[in-house]
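Shown below, as structure tokens, is a lone chain in the form predicted alone; questions about how it binds or moves come after it.
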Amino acid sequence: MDTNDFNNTNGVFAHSFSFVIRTIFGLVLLNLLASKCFSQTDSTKTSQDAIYNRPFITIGKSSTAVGGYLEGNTNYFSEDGVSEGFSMEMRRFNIFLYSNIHSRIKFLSELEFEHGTEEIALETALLDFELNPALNFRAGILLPPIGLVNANHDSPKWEFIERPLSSTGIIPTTLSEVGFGLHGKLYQDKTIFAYDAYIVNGLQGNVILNDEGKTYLASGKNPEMFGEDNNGTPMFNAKISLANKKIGEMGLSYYGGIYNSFNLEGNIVEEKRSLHLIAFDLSAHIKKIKIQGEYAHTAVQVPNDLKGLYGSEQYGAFLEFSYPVLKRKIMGFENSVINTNLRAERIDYNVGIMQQTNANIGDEVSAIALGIGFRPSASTIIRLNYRYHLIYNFLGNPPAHLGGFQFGVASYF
């Protein structure tokens, strides 16, 4: 992608960014000027409620609650007939702390232990100040609402063990950021308009020139993000969504800004390079079938001498179907559910062609996953998954074939 191509793509993202901003402030202004026209009684939950829609938050005498979830699974995979065998892992153990400090002030935090204690991270530590149902102020370590999963990633909520490729390879889930901003909802009959808008420190320079050897937004995460911005120009995140109890929910989100350290002690040492990420997500029911999906697209400004080797444009998408085949008392568990599940997904880390050969650049993965999930209760799931991947390398050679089974359990506590 040359400079003109990037500028054209950048213009599309800038237009979408402008649309998101105008919509957010339009909704807030509409609520402030005509709040009497909106009902505040609809109980429909949206993706915005995900961080509070957990079983650990209960009504009681204490204003503080403790909870969390654990996730463990087994893996057996082989790639082109070669396997490392069978293994087990304690993937996650997360602890939540919640406090209702005031009727209009809430505190929430989440501490994550991955693979035992191999990685310990503070995913969330925020304060919410409710000024109005349509206007709330949030500050601290927050989960930017990008796509379907980042702010709604708890393992017990999902039918598959692995998170979608688009939610990890394109959207750097789980992404935690230090920042502040506004969020709120507007109600009209059975429809909810929700918005979020935050200023955050943002991803850093390892988006390129990283250990992955490709443009990879997740490599831009750095512990220093929680202490300071690497370039003094914060990134921006926004999401708007529309939810209806009968139809479902659709969301449009944006995340982006300058990612490289271009300023050294007041001196400009390189050009500013930006990244822009837009995601569309949906969640709906058609009779008994639950449908979830996401499409994410990035434009990343890459130095001229690295273009082609590192992707200036990427995309990823998934579509997931879940169907309950049995709802009844099973082995003494009331209201148990057995779901059958299907997910199709694709990701392209480097959209474009090689200038030397005019051939398409590879670096793509197509995948399908099948699964059966048993829920003895709504907060616990036992999962059996099969995954199959076609993995194309940078040169676009015939793909590697990766396949395997996973069995695991995840539960809130």
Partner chain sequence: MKCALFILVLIALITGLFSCRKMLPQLPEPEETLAEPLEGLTQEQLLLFSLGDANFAHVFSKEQGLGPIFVQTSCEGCHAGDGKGNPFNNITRFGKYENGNWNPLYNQGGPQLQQRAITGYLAETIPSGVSSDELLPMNVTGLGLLEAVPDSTLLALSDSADGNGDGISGKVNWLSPPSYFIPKSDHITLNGKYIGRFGRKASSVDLVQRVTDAFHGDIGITSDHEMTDPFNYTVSGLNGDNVADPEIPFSMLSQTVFYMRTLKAPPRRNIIDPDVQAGENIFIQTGCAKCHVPTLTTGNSEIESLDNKTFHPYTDLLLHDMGAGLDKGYTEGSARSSEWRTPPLWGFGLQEDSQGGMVFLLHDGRAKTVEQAISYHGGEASTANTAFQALSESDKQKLIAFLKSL
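Only a predicted model underlies this, so the values are computations on that prediction, with no experimental measurement involved. Positions refer to the first chain, counted from 1.
Only in words, not in the display: the form predicted together with the partner chain, which the text now covers.
Mapping the unseen interface onto this chain, residue 232 falls outside it, with no heavy atom inside 4.5 Å of the partner chain in the model of the complex.
Within this chain, residue 248 is remote from the site of the partner chain in the model of the complex, having no heavy atom within 4.5 Å. Using a 4.5 angstroms threshold between heavy atoms, residue 315 stays clear of the partner chain in the model of the complex.
Contact annotation: residue 303 falls within 4.5 Å of the partner chain in the model of the complex, judged by heavy atom distances. Distance criterion of 4.5 Å from any heavy atom to the partner chain in the model of the complex singles out 211 from the list 265, 118, 84, 211. With the partner omitted from this view, the residue of 102, 190, 272, 288 that lies near the partner chain in the model of the complex is 288 [heavy atom within 4.5 Å]. Stretch 334-342 is the answer when you ask which of 165-173, 130-138, 224-232, 334-342 has residues with heavy atoms within 4.5 Å of the partner chain in the model of the complex. The candidate site formed by 362, 377 and 408 is entirely out of contact with the partner chain in the model of the complex, as no residue has a non-hydrogen atom within 4.5 angstroms of it. Applying a 4.5 Å heavy atom cutoff to the partner chain in the model of the complex picks out 323, 324, 325 from 320-335, in order along the sequence.
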